[in-house]
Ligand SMILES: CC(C)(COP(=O)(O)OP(=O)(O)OC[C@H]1O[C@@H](n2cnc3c(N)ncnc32)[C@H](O)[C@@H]1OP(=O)(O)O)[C@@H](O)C(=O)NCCC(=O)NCCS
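One chain comes next, on its own, written as structure tokens: the form predicted alone.
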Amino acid sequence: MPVRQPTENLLRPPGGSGDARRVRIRPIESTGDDFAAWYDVYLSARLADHPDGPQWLEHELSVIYEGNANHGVKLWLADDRDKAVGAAVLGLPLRDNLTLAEPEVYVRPEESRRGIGGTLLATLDDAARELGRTSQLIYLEGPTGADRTSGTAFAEKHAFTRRITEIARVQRPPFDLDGIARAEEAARPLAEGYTIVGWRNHAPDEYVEEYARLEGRLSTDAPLGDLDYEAEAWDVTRIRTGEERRGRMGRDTWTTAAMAPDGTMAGVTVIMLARDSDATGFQDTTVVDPRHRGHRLGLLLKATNLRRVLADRPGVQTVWTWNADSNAHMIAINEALGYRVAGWSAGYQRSL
């Protein structure tokens, strides 16, 4: 992609009255001095739409937005008279979904309705087209009881359509440790013959190939609604790249897997938590190979893994999870473990 120079745009207040102000849009790097300002805009916009939702920490995002061989990232910052007023990111799958781009646009709430978001999106559109991307996918979040946010209004204004809705659920203290243990023990008899294994951060060499295989299944087995999304390409290198990145982010991961008698991995689940903060845990991958369903492995794995996390980090304040609203089986498991509805996430897509 050609090096894009900073651009200046003359933006007028709503209604065309008042003094026009120049907003400069320029590319930045997550490792540069400007990223703190980028993150400040991002966080202000996120909190306006979903004040009680989960948030990435600044140093975590700075690592995520470095990009890697699997996923490229480009960042832009919008300045008005040396004040950061808008931020944008373009995610670029590099191993699969090679015609897809993942734009995100953030504007300070007090600077909304000035055209900053639309100008940033146009910048992302140009970059995506230059890279041969023909489809865009964004995920937006909001609290329970607010079906529309400034984010969904912006997406719909720019011809994105909602293709899938996921329900966010969360656990908070006091955790029902006895109930989690009972769910785990109730599931064990139906999982006879399977061996339950677990690890922190680094998948043992004897399991990593099978782990990669199941991660690849998640992109095809999980409900996708009406999304136009291809199967993801996973291998050992991708697993190791993710582990290295999470280490630099300062995140620990707890993984629990079920091994079948033939040595294949029947199911796996993962929870992530920052090493220096108990505020936000994320329930990540949970997948059971279709050949091994019907043995309560999903419930057993999630209960076992959650219990391990709470034993290691008893001060954790939240553990968040998301499920497509059509995924009744996984929703039932999460509710049995004590997760309660706390918001939603929606996937919006459009063609370029």
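All residue numbers refer to positions in the sequence shown, first residue = 1. Note that the structure is a prediction, hence the values are computed from the model and not measured.
Just so it is clear, the following notes concern the form predicted together with the ligand, a form of the same protein that is not shown.
Quiz item: Of the listed stretches (183-191, 99-107, 267-275, 241-249), which one has a non-hydrogen atom within 4.5 Å of the ligand in the model of the complex?
Solution: Residues of 99-107 come within 4.5 Å of the partner.
Quiz item: Is there a heavy atom of I138 lying 4.5 Å or less from a heavy atom of the ligand in the model of the complex?
Solution: So I138 counts as contacting the ligand.
Quiz item: If you check in the model of the complex, is G117 within 4.5 Å of the ligand, heavy atoms only?
Solution: Judged by the heavy-atom cut-off of 4.5 Å, G117 is in contact with the ligand in the model of the complex.
Practice problem: Report whether the minimum heavy atom distance between D284 and the ligand in the model of the complex is within 4.5 Å. | Solution: Looking in the model of the complex, residue contacts with the ligand do not include D284, since no heavy atom lies within 4.5 Å.
Quiz item: With a 4.5 Å heavy atom cut-off, would you call H202 a contact of the ligand in the model of the complex?
Solution: No.
Quiz item: So which of F154, W234, Y207, Y229 gets a non-hydrogen atom within 4.5 Å of the ligand in the model of the complex?
Solution: Exactly one listed residue reaches within 4.5 Å, namely F154.
Quiz item: Heavy atom within 4.5 Å of the ligand in the model of the complex: which of R95, R213, R129, R113?
Solution: Only one listed residue qualifies here, and that residue is R113.
Quiz item: Looking at the ligand in the model of the complex, is some heavy atom of each of A45, D49 and S150 within 4.5 Å of it?
Solution: The answer is yes; A45, D49 and S150 each reach the ligand.
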